[in-house]
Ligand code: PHB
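Only one chain is shown below, in structure tokens, and it's the form predicted on its own.
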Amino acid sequence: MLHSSRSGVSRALVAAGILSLGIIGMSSGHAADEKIKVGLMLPATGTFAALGSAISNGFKQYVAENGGKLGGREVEYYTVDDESDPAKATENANKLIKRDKVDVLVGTVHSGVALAMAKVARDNKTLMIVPNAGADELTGPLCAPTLFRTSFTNWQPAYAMGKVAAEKGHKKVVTLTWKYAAGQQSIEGFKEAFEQAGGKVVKDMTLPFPNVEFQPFLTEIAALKPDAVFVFFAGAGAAKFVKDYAAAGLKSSIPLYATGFLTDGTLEAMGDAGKGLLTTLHYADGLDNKKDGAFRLNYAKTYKLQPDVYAVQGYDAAQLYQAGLAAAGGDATKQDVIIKAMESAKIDSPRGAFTLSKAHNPVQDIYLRQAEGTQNKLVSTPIKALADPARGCKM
């Protein structure tokens, strides 16, 4: 009887030892049943609400196509409405990183918000994927090993349009945008290519974001009589500008050019005023690749909507993170392994395959599109595999 008791004690001690080893083992990485925590910090209200929704839909679609998992683990979402308000960005990012302890921070649309998010993510060594905001600084002077982007820099599509405008023989151009980072950097990108090719921007005009009182500017454009006008607007403001431009009688006399944000998701609201507009972007309707066909079909089935560039960028954010997690065996704590795999990934995107530059920004084709109905139809590819110059990145 005594022997039996000792044996029971021994078995209990061994079991306790195994259990403690298990606990220690689990604490050093993700437990087998632990979920990947994804923090989605995107606009759910205001001017950019529809863009935030499309990004979120795209991200979740890829996860659903992957069996509801990333890196072989189930995914748990934590969401914050960033309201496109830079003043609230630090607090909102801290909620996801410090309170919810997310493994990856995904956001956002507004460049000013993204810049503040990036600082919080860097300070906390949290992996961050930008699925839209094009602020050149993110993969320029503020670049970091933990910061990736699956969209564009403001410079990329605008530079391509500068090349297109020059090739069309325009010599004098007027520009107009909201006075904020995305708009002003787009103007600089356009100007760089246009003036390199011998063109001249005769006047840069700006108005405060999100002001939509365009009439004084349209009057001035009519008086200046440039060969063409280049603008940067997005969302509801873009639709109003195009309608006002046509109503002022300018559409028929002075060609209007823009990056694709002018017409993506806004053509229905523009009506006839948007017909025939030429824009440049890293996505277009009518791309001839299998990935895009499957993506569009699944998106339409799931959300009863046609996808746009924002949905593609969200989808690719999930694809990029999957590439990193797969290399790390699903262990989100193996950040060095994840980063290395993401840096070398080739993403099979609906936009066409792309790789990442040393600054972690897509090296991608830029398309010329023409508005037709509610679609931005592919016309040509003015620049293939365009890499942002990443000025100021020291990584």
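All of these numbers come straight from a predicted model, not from anything done at the bench. When you see a residue number, it is the position in the sequence shown, counting from 1.
Missing here is the form predicted in complex with the named molecule; even so, the following discussion is about that form.
Asks: I need to confirm a contact call. Of T177, Q156, T280, S111, which residue comes within 4.5 Å of the named molecule in the predicted bound form, counting heavy atoms only?
Replies: None of the other options qualify; the answer is S111.
Asks: Which residue among F232, F214, F148, F295 has a heavy atom within 4.5 angstroms of the named molecule in the predicted bound form?
Replies: Spelling it out, the residue with a heavy atom inside the cut-off is F232.
Asks: Are all three of F48, G134 and Y310 close to the named molecule in the predicted bound form, meaning a heavy atom of each within 4.5 Å?
Replies: Yes, each of F48, G134 and Y310 comes within 4.5 Å of the named molecule in the predicted bound form.
Asks: Among 242-250, 121-129, 68-76, 180-188, which stretch has residues whose heavy atoms lie within 4.5 Å of the named molecule in the predicted bound form?
Replies: Heavy atoms within 4.5 Å of the named molecule in the predicted bound form occur in 180-188.
Asks: I'd like to know if F261 sits close to the named molecule in the predicted bound form, meaning any non-hydrogen atom pair within 4.5 angstroms.
Replies: Within the cut-off, so yes.
Asks: Taking heavy atoms and a 4.5 Å cut-off, does F152 contact the named molecule in the predicted bound form?
Replies: Although the named molecule is absent here, F152 would touch it in the predicted bound form, with heavy atoms inside 4.5 Å.
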